[in-house]
Structure formats: structure tokens, C-alpha cells
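What follows is one chain in C-alpha cells, specifically the form predicted on its own.
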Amino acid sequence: MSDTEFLLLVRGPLFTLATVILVGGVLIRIAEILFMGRKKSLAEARGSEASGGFRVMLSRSVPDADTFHRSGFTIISGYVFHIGLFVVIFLFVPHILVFERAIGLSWPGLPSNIIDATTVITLIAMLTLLIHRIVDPVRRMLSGFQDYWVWLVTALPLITGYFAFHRVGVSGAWMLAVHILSVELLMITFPFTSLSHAFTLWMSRWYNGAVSGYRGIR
């Protein structure tokens, strides 16, 4: 198989398959949460579910002083990693073109040199989190195969994308195909691992806040 044929295979049928698995898997996970069959509360409402839900969604996004004092390194590295990943995925012009072809929406992107620097910073943040997980005895004990696998499939698109952009090592077409293939690996892993917290996290926070708000608990 030539480099061009490999690229066409990865960009065509394999990307379609990965998209179906991603979307279908996420919808199933959300449906499982929404239809868990929780019993309706018969107690009289003492507050607002909506305000309680939104309050917890926002407040839990900012760590309190005590938590930051105990886990400041992890929190800062985590924010750098998540923000950097968002910037690279959604503000790199070639990625925006992919979204435009897929869903018909487009938005302004950032210059390539900024995306390039953000990629490096994000990878450094991810590497520090990995080292911290390995070195810290408690985190190491609590970590399993899935934790390291999730780290790997998240880092691979950044690494291969950086190599493809700078044409490192092999032909441009082959490296681009490897990059897309790594993205597809991330896509099919997403719904079935802790990566799905990108969606379920907000639903969980809303639910906890809504329950407290209904009971009048602040």
C-alpha cells in the first residue's frame, strides 16, 4: 500500500467508522445516565434545582484554597493540559476545516506558531502529570492500566501532529496518516474510558447541585 492509499484509507472509511463509534458511544453513555431510573423526590422543595445545579457546575471548576494548597501542582498542570488541548483541537486552522466539512460550522483560528507552542506546552504538562503519577506512591497505587492507556492515546495525536506539521522522520503523507490514525484511536477509546468525563462531568455536577438546591442546601 502506497503512502497516498494509506492516507485515503485513514481519512475515509476508518475516520467514518471512528466517528460512528465516538458519537454512538457518547450517546449511549449519556442515555445510561439519563435513564437510570432515579425515584422522584416527594419532599417539599426548599430551593431551586436550576440555581443549585448551575452554582455547583461553576464553583467546582475553581478549586478552593485548601485544595489548591494540597494539590496545586496537579491542578495547575491539569488546567494547562486541558486548555492547551482545547486550543490545539479547536483553534488550529486545518482542524477547523475538518469540522467545517463535517458539520458545516467554521470559526477563526490561531496562527500556526501559537498552536505549535501550545502543543509543546501541553505535552510538557502531560509529561509532568505522568511523572507525578508514577513517583507519588498513592497515585501510583490508585492507577491502573486504563489511566496510562488514556494518557497515551491523548498524547499520541499531539506528538504525531507535531511531527506531521514539521515533517519529521518520514514522508508528509505517511506522517499525516499516522496522525489521523492516532486521532481515530482516541475517538474510539473516548466513550469507553474516563475520557468520557468531558461530557459526564458536567451532568454529574449539575445533578449533585440540583439535589442540594432542591433541599435548600448551599
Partner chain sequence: MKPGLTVGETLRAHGVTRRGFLKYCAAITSLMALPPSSLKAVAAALEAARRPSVIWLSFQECTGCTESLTRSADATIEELIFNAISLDYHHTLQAASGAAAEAAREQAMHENYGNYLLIVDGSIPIADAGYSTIAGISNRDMLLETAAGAAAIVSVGTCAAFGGIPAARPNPTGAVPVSELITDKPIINVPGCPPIPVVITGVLVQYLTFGLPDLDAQGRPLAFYGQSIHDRCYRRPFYDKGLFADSFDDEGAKKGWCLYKLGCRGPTTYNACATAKWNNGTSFPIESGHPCLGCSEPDFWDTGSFYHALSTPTEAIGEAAVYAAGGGLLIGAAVGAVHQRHKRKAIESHRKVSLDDIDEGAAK
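Residue numbers count along the first chain shown, from 1. Worth saying up front: this structure is predicted, and the values here are computed from it rather than measured.
What comes next is about the form predicted together with its partner chain, which does not appear here.
- By the criterion of a heavy atom within 4.5 Å, Ile28 is counted among the residues contacting its partner chain in the model of the complex.
- Mapping the unseen interface onto this chain, Phe165 counts among the residues with a heavy atom inside 4.5 Å of its partner chain in the model of the complex.
- Its partner chain is not drawn, but in the model of the complex it has a heavy atom within 4.5 Å of Ala173.
- Though the partner is left out of this view, Val98 does reach within 4.5 Å of its partner chain in the model of the complex, counting heavy atoms only.
- Residues from 7-23 that approach its partner chain in the model of the complex with a non-hydrogen atom closer than or equal to 4.5 Å are Leu7, Leu8, Arg11, Gly12, Pro13, Phe15, Thr16, Thr19, Val20, Val23, in the order they occur in the chain.
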